[in-house]
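The data below hold one chain only, encoded as structure tokens and taken in the form predicted alone.
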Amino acid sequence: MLGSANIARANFIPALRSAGGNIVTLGSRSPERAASFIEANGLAAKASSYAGAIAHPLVEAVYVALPNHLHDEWAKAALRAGKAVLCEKPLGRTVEEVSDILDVAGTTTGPLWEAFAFPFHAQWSAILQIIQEQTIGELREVHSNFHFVVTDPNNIRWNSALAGGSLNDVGCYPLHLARLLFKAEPIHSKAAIVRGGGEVDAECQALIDFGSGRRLLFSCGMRRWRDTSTRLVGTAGEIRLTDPYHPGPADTLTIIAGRQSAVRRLVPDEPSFTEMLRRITASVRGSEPPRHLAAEDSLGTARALELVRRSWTVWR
């Protein structure tokens, strides 16, 4: 594991344990911080530099949990070392960076994933089945929020030099979700942002046209309580989700068709990353082919993020 981000502590480590994996080494720029993180999280890992962690002979896969501006350098370094790589989103800061990483992945032996866990989850399979069966008719709109509160002014998300901001951090989720559901790329965007902290986008709202009357309306930000509520609206009904991205045991999927509604709880009592890490582990060990590789979707999401950035107006 490279880095000690909160998502690593809260999502990756418990999920890896549930999936039967083990952290061999933690790469960090600070041996003291790495040692403290290892002790606090009960890891049997050894601290190392980034390069030392990648070169460790027992490491089969590398999880890149570094600030966004370091994804490009260290994801490519791990791929060139022959490792499988799971890189936090966004895979790169720009379309060009993402394309470059994918080019490296295409010439190396290790598979590459961008850390969107939801396509591996049982809830996602249920959503796709409901849509395929046309229970809600034809899917026309995706309405999705992803908000949470970041109070620490020194948090890297408030640093524009480190590619922070709400769009990079969580706005990428609705864009990725809509692209997969519509099986199409966005063609037009109208967006607005509110600046905050170190001149990053503290909040972003956007309307994205996917053509043929299909659209995504999303809102993301770092200034209000955690909200991942999402509606998938069709011509004959809708699916309402309390959390399509990192669902927990209390989250629900509600189908509304005509005057009928049905609430389902489809989430196993395990961390949301677990199924992704099970499938990645199986792929790395050669027992099943890899699914949801970065080569399939990451460039399209990077282009969608760039489309939003080019279209946004700064409110204040």
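Since the model is a prediction, treat every value here as computed from it, not as a measurement. Note that residue numbering follows the sequence shown and begins at 1.
Another form exists, predicted in complex with a small molecule; not displayed. Remarks below refer to it.
In short, of 216 to 224, 184 to 192, 197 to 205, 149 to 157 it is 149 to 157 that has heavy atoms within 4.5 Å of the small molecule in the predicted complex.
Shown here without its partner, the chain carries R140, H176 and S229, none of which come within 4.5 Å of the small molecule in the predicted complex through any heavy atom. For the candidate set E97, E238, E88, D243, a heavy atom within 4.5 Å of the small molecule in the predicted complex is found for exactly one residue, namely E88. In the predicted complex, T274 stays away from the small molecule, with no heavy atom inside 4.5 Å.
At the 4.5 Å threshold, heavy atoms of P290 stay clear of the small molecule in the predicted complex, well away from it.
Although the partner is absent here, T313 sits far enough away that none of its heavy atoms falls within 4.5 Å of the small molecule in the predicted complex.
Taking the partner from elsewhere, H56 is found to have every heavy atom lying beyond 4.5 Å of the small molecule in the predicted complex.
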